[in-house]
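Take a look at this single chain in structure tokens; it is the form predicted alone.
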Amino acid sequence: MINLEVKNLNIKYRTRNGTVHAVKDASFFVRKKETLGIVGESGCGKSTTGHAVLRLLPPNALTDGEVVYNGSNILKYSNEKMRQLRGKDISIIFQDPMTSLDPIMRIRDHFFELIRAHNPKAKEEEMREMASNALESVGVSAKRLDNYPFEFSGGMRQRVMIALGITLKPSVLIADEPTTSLDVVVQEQIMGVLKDLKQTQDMSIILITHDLGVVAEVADSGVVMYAGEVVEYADVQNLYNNPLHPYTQLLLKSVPNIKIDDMELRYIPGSLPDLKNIPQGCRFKDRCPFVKDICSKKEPPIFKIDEREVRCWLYDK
């Protein structure tokens, strides 16, 4: 059963130097108790897409398309109805917990503020119990509710952010780069927490990351984005064992793998195109090792192969 679906999402930013076409015609869905990974280089539109789901984009953003939740397009919700949905039905974990947590507020106050926003009549004992349960579920002692954010390590602060995200038991949790700046051991712990929550809390997770290894470990399906477009969409097994798009193939080769003899570090030459002045044709053509004449003339559509989707002229029958 589909829990949340994004249909033909387009996002533009109006700036002094022109219009930035951040996301174009992005479509995907996440089922109940499923983890969907959104992966790609920095600047490809991953976080913008995640923030658009909850309408957390800045005022200069223009959004078009649909985000369907419970049969309704939430992009059309009023501000008040959207406020009631955030945190309760759909929640988000932001990239940097130190800038997301107020340094002069105790951890308990962050929880109390969240709970009161949806239940103004909640008693302190009830709120403390809810906060304690959320913290304990991510491996943090409830005794630390009275601590300040600076008294936690980076990994522990990220656990607090996850606890805040699940306090009201949302149906969908958006995790925006939850392991950024954490060492590999702590990353493993955080991913373990998210995997456990998917089962125990009966929620869907949209995991936004640039780390392909993280997606392989915890996701059920994956979306690969490049220059604001979805270029490949498939279940994780197919995405890793048989990537179709040249960009996905190069991304996988750029990740060091200790299990193979060839340990040469590879990279993708070139850089993302200017999203204020998008070139004609395929957005990846200047970096693609399989470029064809048509790639410079016409932008490829989405081709469906079995149950997969890929945006590349190599698969035009």
Ligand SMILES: Nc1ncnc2c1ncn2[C@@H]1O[C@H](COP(=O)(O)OP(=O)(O)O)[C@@H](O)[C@H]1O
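Every value quoted in this text rests on a predicted model; they were computed, and no experiment measured them. One rule holds for the numbers: they count along the sequence shown, beginning at 1.
Although it is not shown, the form predicted in complex with the ligand is what the next lines describe.
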{"property": "Partner-contacting position among N277, N60, Q280, S271 - heavy atom within 4.5 Å of the ligand in the model of the complex", "result": "N60"}
{"property": "The ligand contact at I302 in the model of the complex, heavy atom, 4.5 Å", "result": "no"}
{"property": "Partner proximity in the model of the complex: E41 to the ligand, non-hydrogen atom cutoff 4.5 Å", "result": "yes"}
{"property": "Heavy atom of G37 within 4.5 Å of the ligand in the model of the complex", "result": "no"}
{"property": "Close approach of S27 to the ligand in the model of the complex, 4.5 Å, heavy atom", "result": "no"}
{"property": "Residues in 1-22 with any heavy atom within 4.5 Å of the ligand in the model of the complex", "result": "Y13, T15, V20, A22"}
